[in-house]
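Next up: a single chain in structure tokens, the form predicted on its own.
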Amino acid sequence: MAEKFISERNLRFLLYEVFDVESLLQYPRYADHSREVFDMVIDTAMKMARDLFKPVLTEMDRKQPQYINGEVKVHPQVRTVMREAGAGGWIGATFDYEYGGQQLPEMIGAMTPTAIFSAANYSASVYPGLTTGAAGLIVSFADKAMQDLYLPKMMAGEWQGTMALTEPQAGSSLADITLTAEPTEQGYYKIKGQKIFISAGDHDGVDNVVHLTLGRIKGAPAGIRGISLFIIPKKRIEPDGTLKFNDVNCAGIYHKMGYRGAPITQLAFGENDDCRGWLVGEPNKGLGYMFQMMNGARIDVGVGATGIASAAYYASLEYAKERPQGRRLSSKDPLSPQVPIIEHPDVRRMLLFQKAIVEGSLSLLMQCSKYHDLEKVSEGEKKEDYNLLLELLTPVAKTYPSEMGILSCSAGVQILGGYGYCDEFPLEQFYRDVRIHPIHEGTTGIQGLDLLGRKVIMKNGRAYKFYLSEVRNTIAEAKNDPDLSLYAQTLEELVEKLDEVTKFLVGIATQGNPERFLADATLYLELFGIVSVAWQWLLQALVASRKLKANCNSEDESFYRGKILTCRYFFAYEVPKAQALMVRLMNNDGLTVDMNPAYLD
């Protein structure tokens, strides 16, 4: 197994050279920190990943969680991971000091360690990650009594946090959830219902599991307007501080294609009429609250997919350097020594594809994290602008790394050939593990509907217009660099065509035909992803070009030239794919809207 699973050099390049994380130190929220602190976070995360996460990558896959007598047994390392994540402050790293956090920027406290831990062992990384999301909801919307009751144990890694949305009959249609909550005079609600596909919803790696759960108070309005948010612990806290079983039963676990180190559970609430839940915030506003965690989780899904694809890339690269096979096409002597397969142009193409996807995706995710950081320290219209940019890019940052991560891992399997298909090498696990990401936290189809049907047109297109402005600023800067002006012009043309497609589709929406407007929303999302990652590659190439002109050392020169080469690859091989998407999107013939389903039989 390759020792390298993620590039520290690339992380530092993005943090310090492209997105200038140190510029955040001017704001009071981050003023206690320094580059030395940031470097220490990176170094510590890498050490944890090497020592704690990566050694059990294969073992957690092969020794899956077991459902025994109504309880879920997980790998013993899970308890260690959770305690270490709590002791090291990783679970609440970006939270305010008053909640036990460290007020680190998202780029440093969330984005970077999540990428590192996911690349080392995705299954292990989700346990503390889910707890961060659940604790964040409690910080934002629960009262102080609830915060004092739950946060210390969750932040310490002693209690697991989850997000419980999906139900058997509803799936992704949250308007149809039926879990009920009946108020009592004691201040809690009696809960009844089921939830499915709940990540880490029950396991013995922690002492308790705290479910942030969507349900309906009896008599609430139908649809999404009647959804409330509840805290429902597996074990409730009695007045004397002891824990008592709260009638939250695990009905079983799902056996999965990949991502096997973390259990996905089915939960039954109130089978014995003794499940208690506590309302978070106001009644009937739960979906709005939950979207905070969902949006954060969607970004984390993108980071997780990128981490897995990164590990697959470095495993492929190591193999390609060491595996001798065949000779150069120009060699005519069959007795000459074989060459490593990295010498073959087609293998190099696949490696460049992997590098372009991994480092392009990571850059886009880092861009989103910076918008999140700037939102926290801005006020008024500027604050709203950063929020809108983050809202707009969330479905893109979730989907592009997820969908393209599958193709990237597939290229890695192909590079290893038959060995890639065998479990002696890690590529087949990475390929299985990454496949969940286009499904997790809203399928690709849902992300497409969100982007085109809501985000692009919200606030009269303000977020979309701000996004175009950001991309055009990069284009204008790159036009002044003779080595990058061609790529700047290509991206400029691509952005103009994206805008033409967007206006065409929005025009269909104004004609009162929502089905035709959104029929190919997934393709629009794919196009948007290509444009966004092309922007990120031009941004990275700009920095690399400036560094090369400043006469850097030989090691840095190789790194920066690799950046520019990969930018060239993306514009030469990936950007042209946008043209076919545009042709389809501009031909709104309603093929899938008007078809007779019987024709599929």
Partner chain sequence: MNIIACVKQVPDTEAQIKVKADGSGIDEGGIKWVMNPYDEFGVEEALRLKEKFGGEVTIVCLGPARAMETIRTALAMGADKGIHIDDPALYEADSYATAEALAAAIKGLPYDIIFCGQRAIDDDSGQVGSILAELLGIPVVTMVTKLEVEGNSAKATRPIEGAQLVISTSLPCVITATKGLNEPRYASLPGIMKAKKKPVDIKNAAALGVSGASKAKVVKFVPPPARPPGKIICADDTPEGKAAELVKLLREEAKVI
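The model shown is predicted, which means the values in this text are computed figures rather than measured ones. Numbering follows the first chain given and starts at 1.
In what follows, reference is made to the form predicted together with its partner chain, a form of this protein that is not presented.
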| query | finding |
| --- | --- |
| Partner contact for V41 in the predicted complex: its partner chain, 4.5 angstroms, heavy atom | yes |
| K549, heavy atom within 4.5 angstroms of its partner chain in the predicted complex | no |
| S34, heavy atom within 4.5 angstroms of its partner chain in the predicted complex | yes |
| Q102 within 4.5 Å of its partner chain in the predicted complex, heavy atoms | yes |
| Options 87-95, 118-126, 479-487, 245-253; stretch whose heavy atom lies within 4.5 Å of its partner chain in the predicted complex | 87-95 |
| Residues of 46-65 having any heavy atom within 4.5 Å of its partner chain in the predicted complex, listed in sequence order | K47, M48, R50, D51, L52 |
